[in-house]
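Let's start with one chain on its own, the form predicted on its own, as structure tokens.
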Amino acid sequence: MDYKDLADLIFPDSKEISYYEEKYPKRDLKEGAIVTRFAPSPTGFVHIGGLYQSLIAKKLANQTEGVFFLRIEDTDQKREVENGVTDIVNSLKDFGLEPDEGMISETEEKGNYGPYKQSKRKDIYQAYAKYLIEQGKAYPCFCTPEEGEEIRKKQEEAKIRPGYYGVWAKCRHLTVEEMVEKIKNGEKYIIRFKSPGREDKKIKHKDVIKGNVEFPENDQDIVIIKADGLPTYHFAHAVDDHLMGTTHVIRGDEWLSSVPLHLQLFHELGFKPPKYAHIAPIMKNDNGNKRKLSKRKDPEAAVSYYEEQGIPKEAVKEYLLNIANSTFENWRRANPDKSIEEFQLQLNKMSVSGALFDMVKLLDVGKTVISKFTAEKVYEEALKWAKRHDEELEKVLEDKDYSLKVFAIERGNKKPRKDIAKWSDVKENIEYMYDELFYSKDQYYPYQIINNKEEIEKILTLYMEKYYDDNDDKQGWFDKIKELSGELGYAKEVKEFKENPGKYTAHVGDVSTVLRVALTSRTNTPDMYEIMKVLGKDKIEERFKKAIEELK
């Protein structure tokens, strides 16, 4: 008996690998096109690091007219969570990172290189495992979990490297006849790769990000097909990346130590390996110490956190590109209004050590991003977020025409205001423009320089009786506040006040503050002229009366 007989006995119905090589031909893409993938397991929420990898993978594919696809690696079905694929698909969609191919829902997919879910590719993996057995490069292993544990204990006691290799690989040394006999006797088995490597031999590899790295060669006889007939990650990814035409594997650097094994699998299968680019993890400053963002400890590790907070997807992507390439910040400075799609990402410009996640910087990016949105865009995004997370805000935004006027205040100027970093900030920033929010709180009027009750009442009353005119332009409006200031004995100009500090108790700016506080219960707001234009005479009068009542 030979290896082919053994292979036929184990996988009697498997197709020849030539069938799959023809079914999945080499992609017809232009020279230099990059084919990348995001290949998560549906075992929990999508980590920000996964989004980071996807952004980089999709960007590289787009800028080279290549392909970015989503493959679901669900061979470890014990850890799979309900709707795990849906969560992955939706997370990518939320951030505008939809794949060109791959899974588009829990059960649907698009593209010619599927199935894009590993659990549906069992026959393919078994065909390639059969091929390895025929070549004498894989074999059935009959060791029970108990025997595996016994081997591990002996290795620990002898203080030698653990694993299934060399003399410890008991089943590797069985003859074909012995293997066949065990199978026919009904003994359970898994399929192991027969490593040709030696641990004392070094391999050199050039990672696209890390540069030149050196490792001991792999000598472990890893499991490639488990007892349930499904492959392990190591074997499946090699077969999939070959058949799907992946040119660049972009993944976290926790996989860097697996490179010797993966290159060995590609070589023994007769495949051209992809280029590997291992991304440093996103780190967090924890009381002066740097550590990886943790799924367990850090809410910002979950992609869903950014949607819940309402941080715009544009800001998250912009910030992640800033982490990815040190050249991005200068590019953005030189191109403030260009789409990030125009930025040329370079893998060899990525940091080899972990970038520090800075929430303050992210929120600052959020302010800049939102400041460039039109009033219509701000309204739509705020409403979309409110419908998911804030019923009260959703209700006040029902009046679209009025809300658009609110969001248009100081928008479109050369220096637009940057008071909103995320959609969860919106309510706090606009509540004084809506009576139902403004009057729902106990109003506290923090009057400043002019805080005498009689003087405040005089200013508010005289302004409405003599100086307010809804038809004034901005200059006319401010001139009247100057006149009001002069009539009540305050300096009409700040300069005048500074030149004669003993003559005046306050100036026009302080009078404006009284109007602002009475109107909004704030000392700092966007342009008060625009606020008054949106509120209108009736609301202004009502609020000034309320402010006067509060003083008594």
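One-based numbering along the sequence shown. Values in this document were obtained by computation on a predicted structure and should not be read as measured data.
Below, we turn to the form predicted in complex with a small molecule, even though it does not appear here.
Taking non-hydrogen atoms only, Glu455 never approaches the small molecule to within 4.5 angstroms in the predicted bound form. Interface membership of Leu55, defined by any non-hydrogen atom within 4.5 Å of the small molecule in the predicted bound form, is ruled out. Of the heavy atoms in Ser41, some are within 4.5 Å of the small molecule in the predicted bound form. In the predicted bound form, the small molecule sits within 4.5 Å of a heavy atom belonging to Glu254. Proximity to the small molecule in the predicted bound form, taken as a non-hydrogen atom within 4.5 angstroms, holds for one residue of Tyr233, Tyr439, Tyr305, Trp331, which is Tyr233. Residue Glu73 is the only one of Asp240, Glu73, Asp221, Glu381 with a heavy atom lying within 4.5 Å of the small molecule in the predicted bound form. Considering the small molecule in the predicted bound form, the lone stretch of 518-526, 486-494, 57-65, 31-39 in range is 31-39 [heavy atom distance within 4.5 Å].
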